[in-house]
Structure formats: structure tokens, C-alpha cells
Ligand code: GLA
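Single chain ahead, written as C-alpha cells, the form predicted on its own.
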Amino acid sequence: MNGRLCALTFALLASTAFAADLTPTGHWSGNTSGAAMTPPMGWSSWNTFATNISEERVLGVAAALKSTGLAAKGYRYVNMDDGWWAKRRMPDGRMQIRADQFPSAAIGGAEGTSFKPFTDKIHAMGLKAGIYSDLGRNSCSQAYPSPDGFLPKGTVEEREIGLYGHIRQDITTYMHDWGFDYIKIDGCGLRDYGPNNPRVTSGNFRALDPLIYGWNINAANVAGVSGLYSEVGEALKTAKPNGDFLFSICVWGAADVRSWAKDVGNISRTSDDLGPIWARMLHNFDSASRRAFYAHPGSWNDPDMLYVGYGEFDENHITEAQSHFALWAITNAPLILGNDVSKMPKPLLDIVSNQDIIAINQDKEGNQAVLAYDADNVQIFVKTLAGGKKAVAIFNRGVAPAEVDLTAQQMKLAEDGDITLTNLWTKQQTKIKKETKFQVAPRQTLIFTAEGAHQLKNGTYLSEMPGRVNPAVDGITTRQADPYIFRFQTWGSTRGNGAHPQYAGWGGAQADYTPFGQTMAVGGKFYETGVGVLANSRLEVRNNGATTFSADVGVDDSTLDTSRPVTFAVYGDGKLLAKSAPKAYGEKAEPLTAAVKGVKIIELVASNAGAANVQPTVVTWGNAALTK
């Protein structure tokens, strides 16, 4: 990418961020359209069949979901990925299906082909059907053909099977006429067909000026990409007015998708593709695990489909397979299997069938687990469940056994009360007080439910309920170094000089940490719980019946911008309830309290005067809580 394009790209990103409005609306702006009040569960064809999919193969897996009992456990979506299309018929633009692989699609007549007979078969089994497309003119498999070579045939125009220029037509066909319930929409067509690309200069494809610029996660026309995905979202609401659809956004964490996909789609990829490799699983998991505030009922972080059954997660790697599944479950990732379920060994089937762990993922409160302890070798994640229980995962990332202390403080449970831990792998129960020790094997994840009195006796800390918090505006205006380092996949080759780190999170809102992963502190006082965010931010909070909001507010001691005071305000259903004095760097935190009885949407606004500068101001809502 040339320097002029880089400058244009980052100007586009900056202008998008500066346009954010801190004016309270009294409304929840996070997406609730579609059928994703809990993370979707099911199966996708890509990991097993790539583009070599067929009616027989897909229906065979659907039957296996039923016969293995997985469907009864919640695995209900049967999703076809890339490779189903024959061509776009001209001149009417109607999509045609590979009838040689999907014989029931050959209905003839004006339609030519239709997937309706196929989706009827899926629905008759009590399951849901999913389809795949791309937001550009062409797809990922056309940009990176798989060895089997099942690609669209015909003229240049007939091989343009992506949504670009056909969004309303295709979404109506797929979701209304053909009866699909789930659609995954990739972004290769917005990246890989620029005018200088060899695919285009060869005459095999028509140029489409990129909206995502190469393999740079930060280089994109954010408004252009988000606008097209938003157009798809509106088309889905028209095609499926009953709301029975699921919209999967796949731009691999690029185009600032963190900030807008939660308001547009039902799941959003946070990274490049997963592979059946331990190191890659860690990378993809990390891309989602620090985004607790960017997921809620209706929209979830997606670190890609599960690879249980292959590579380092097969039946010879049960510990790794258990960790992979448990980590996806506790972070509310979609539980989409990618293996051939009809050939699944029982030890692996037992892992993905674990009803107690599935229940953690499907908990109706929709709180993604929050990072309670973080080190190179060990992490502890804690999730608040409906009814007040906690789910806890202790994850040994390393290659040596680890002795791990689990404390009531980490779980935000009372230190002076009994705590009952239930191991969800063994079902063994243990009663503890204050803390306990575990021996955790290399690559092992212990996962528990924890029941006991809460640390905050008459309420809930905001960091315990991230599913009720939406960073409508998170204050990000410029790229910053952050704790998560993004790397694109190397795709099995070590040519070149490597997949170098890219800063991907840009300092988004964090639970119990600053936006850049540091301990929260204001005026020398440390806070173990709260919300860390940047100034010029607005957080929406769905009230849980509380009567009082409270927090200690101030400029965080870690900020690099120490020059400008920040004012904190609390709004209820759009009306100002409380406001701080301007707080300068180094000042002690100011207690801020607001009566919120009867309020539906609470909004927390932190603002400072003047234009945004290169170093954003880090602020802390220390001990932020809702109480009754």
C-alpha cells in the first residue's frame, strides 16, 4: 500500500471516530435484531470439506447432529460455507446453484435452481440452515482457490457471485425465497480484487477498488465497510421480518469492526482464520477474550469456528480439545463445530456434549467472562451467570505444570462466606473459604461454577455484567499500542520475514483494567474493579432494577495525556442525573452517585474540552456499581 493510500486510510479512520456523538440518547444502540440472544451453536462445512460440499455430505452431518444427541444439546445450525454456487445468471442476476452437487436444487422453470427443497429437508429435521456469501463481487475461494477447485464457472460477470451490487436481490433470494436462517458474509471481495491485482490484470476478474487495504488490520475505509454491512442488516430485517435470522460478519478484526459490528450483526469475527494449531488457538482466543464490553445478548465476539477433532485438538490431544472448548464457552463465542460429526470419536463427542459447559455459554444474562488474573502462563476468567452464580476458568497456557491460587476476591465473592466450587469436567464439588489452590497441567483448563455470597452485598459491579454495558462511543480517535497484538495467519508458509505485530484493539473499554491493560489508579489510589475507558466516551448501561449508581471518577494515573481535565456525567433515560467537577491528572477521585430507580438506560459520559490529540486521556470509573 502506498503512502498516499495509507494517509487517506488513516484520515478516514480518524474522521469516523471524531464524528462520534457524546449526546445521551436514552436508548440502547447495541444490536438486538435476529435470533442471537445467546451465542449460536451448530456446524459449518469449511474445516472438513472446504469448497467440496454437497447435499449428501451436508445432510449427512445434519443427520449425525441428530443421532449423536448434539442437536438436542443446542447444535442446531447447519451451515454451508464457500463453494455452493455455480454462477450468477445473466441478465437477471439470479444466483444459480451447483446442481451436480445439490440435485434437489434443479427445479427448472423461471428460477432454474433453488435451495428451498434442501432447506426444507434441514427444517424437517428440526434444524436451521445456513449459507455463505461475500460482500464484494467475488469470494475468498476465488481469491485463494483450494486444491479441489470447485469454483463458479462462466464469464467474468457470471463468476461475480458476491453481494456487491446485489445485496437486496441476493438476501431476499437466500433468506426469504430459499428459507435460510443464517448467513455468513466474508470480506475477501472488498480486499483482494484491486485494479493492480494479478487476478484482475489477467482479465479473469473485474476490478473493485478495495475498502480493506491488504493485510493491514488498521487500513480500511471504515465507513464504506460498515455501511455495506449495515445495508445487509437492513435487507435481512426486510427478508425475515419475524427476526428469525442470524447475521455473521467476517472481516477478521479489520476495518475497526470492534466499534460497529456489535451494533449491526449477531456475531463478528475478531481475528484471521483459526487453524488446528495450539499457538493459533491462543491467538484467536486472545482476540476475543479482552472484548467483554463489546458483546451482549444479540451480538457476540467470534474467534472463529471450533477446531475440535483436528490437529492439536483431535482424540490424541484431549487436554487441548477440552481447553479449546471451555475457553470458547466461557467467552460466549459461537459454538460452531467444524469437524465431520458423523465420524467423531466418543472422547471428543463427550467434550462438546458437556451440558454444564454448554449452559455456561448459553446463559441468558449474556455476560462474557472477564479476565480476573493475567500472566504469561496462567489466566483466570470469571463470568457472572443468571441467578448470581459465577463460572470460572483457570487456564494454563504454558508447557509446565502450574500451581494456581483461586481467590474469592478474583471471583468478586465474599471472603468470609462459604463458596461451593463444582468442577464441570468431573462434577466434583469442593467447599472453600477465601481461597484455594489447584495444580493445573500444561495446556489444561479447569472450569467450575462457583456459588457463594457476593462481595458487593446489595448490588453488582459493572464489570460483573458486561453484557449490560455497551460502549456506544469508546473515545478512540487514533491508533494506540494495546495489550493484544494482532497477527495475520501465515498459512503454512515461512517465506518472507514473518507475520508482524499489529495493534488491533486501539484501547477499547475494559472491565477491571485500563484500556491498555494496566491496573486502574486515580490520585495514587488503586481500584481492583471498575471500568477503564478513554475520555470523550459514552457508555450505555441497561439497568437491572437498581436504585443507585455509584463510582469514584477521575483521570487514571497511567494516562500519557496529563494536560486536560475530564468531566464525568451520569444520565438516566437521556436526563442528567449527576455531574462531577472537572478532574485533573493527579487529583483524587471524586465519588459520584446518581438515583436511578425506574431508569431503563443509564449513560456514563466522560468528556474533556478541545480537539482530540495524539495521546488520549485514560479515565477510570472506579468501583462502578449498581445497587438496590
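Being a predicted model, the structure only gives us computed values, none of them experimental. Numbering starts at 1 and follows the sequence shown.
The same protein has a further form, the form predicted in complex with the ligand, not shown here; the description that follows concerns it.
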Of the listed stretches (76-84, 404-412, 314-322, 105-113), which one has a non-hydrogen atom within 4.5 Å of the ligand in the model of the complex?
76-84
Could you tell me if residue 510 has a non-hydrogen atom within 4.5 Å of the ligand in the model of the complex?
no
Does residue 128 reach the ligand in the model of the complex, with heavy atoms at most 4.5 Å apart?
no
Residue 273: heavy atom within 4.5 Å of the ligand in the model of the complex?
yes
Please run the contact check for residue 137 against the ligand in the model of the complex: heavy atoms, 4.5 angstroms, yes or no?
no
Each of 293, 462 and 538 having a non-hydrogen atom within 4.5 Å of the ligand in the model of the complex: is that the case here?
no
Assert contact residue (the ligand, in the model of the complex, non-hydrogen atom within 4.5 Å, options 268, 384, 284, 141) equals 141
Given that the ligand is left out here, which of 186, 170, 160, 256 has a heavy atom within 4.5 Å of it in the model of the complex?
186
Using a 4.5 Å cut-off on any heavy atom, which residues of 110-139 would contact the ligand in the model of the complex?
132
